[in-house]
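Only one chain is given next, in structure tokens, and it is the form predicted alone.
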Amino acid sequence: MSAGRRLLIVGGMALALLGMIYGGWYAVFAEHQELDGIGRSLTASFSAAAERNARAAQSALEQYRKRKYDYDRHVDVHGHWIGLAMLLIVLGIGLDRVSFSEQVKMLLATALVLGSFLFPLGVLLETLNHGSEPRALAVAGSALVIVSLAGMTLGFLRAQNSN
């Protein structure tokens, strides 16, 4: 088994495990509290609106927006790590059909594994820091995924055209 293939398959399994562990932790220890807070903030906003208290309604809606933002990021991280892991495994199985040298395949595999880890990590860090650093990490990770997938696609096309 080539090093690139091994990296994609083992990296995919590790990423799937990470995604499942994170998703399990979030579901058991954090999700219910987050959903409860989302419900409380919506209830408070509707109650304040019914009482014609615009300031309190706006404040409660802002709390809802913040909690929903964090909730969506946590769920996205879990799903993206697992989804990208499955993609890594499938590409690992088919890596022998990519018509590039072993060095190029290894470079593409490394970039894909690294990007598949960093992209969701950057999204997760956005819940802790709303600055530009986590977004830059997510963008860099997604760029690595896109570029390496484009490279893999070219390698598959080259192999198909040479037959």
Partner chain sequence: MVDSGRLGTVVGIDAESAFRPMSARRLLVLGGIGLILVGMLFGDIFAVFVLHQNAAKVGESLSSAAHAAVAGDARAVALSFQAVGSFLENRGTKVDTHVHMIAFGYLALMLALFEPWVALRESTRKNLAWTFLFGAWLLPVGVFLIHYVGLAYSPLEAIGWASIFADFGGALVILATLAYLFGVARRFRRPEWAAKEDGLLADRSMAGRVLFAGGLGLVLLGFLHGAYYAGVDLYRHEALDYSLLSEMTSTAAARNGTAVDTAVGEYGELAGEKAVNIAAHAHAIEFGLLAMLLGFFQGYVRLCESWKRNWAWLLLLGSLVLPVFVLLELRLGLLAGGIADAGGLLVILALLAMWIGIVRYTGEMDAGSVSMGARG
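Residue numbers count along the first chain shown, from 1. All values derive from a computational prediction rather than experimental measurement.
Not on display, but discussed next: the form predicted together with the partner chain.
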Just to confirm, residue 61 within 4.5 Å of the partner chain in the model of the complex by heavy atoms?
yes
Closest heavy atom of residue 30 to the partner chain in the model of the complex, within 4.5 Å or not?
no
Is residue 144 close enough to the partner chain in the model of the complex to count, meaning some heavy atom within 4.5 Å?
no
Evaluate residue 140 for contact with the partner chain in the model of the complex, applying a 4.5 angstroms cut-off between non-hydrogen atoms, and reply yes or no.
no
In the model of the complex, which of the listed residues (36, 96, 102, 133) lies with a heavy atom within 4.5 Å of the partner chain?
96
Give, in sequence order, every residue of 32-59 that has a heavy atom within 4.5 Å of the partner chain in the model of the complex, or say none if there are no such residues.
42, 43, 45, 46, 47, 49, 50, 51, 52, 57, 58
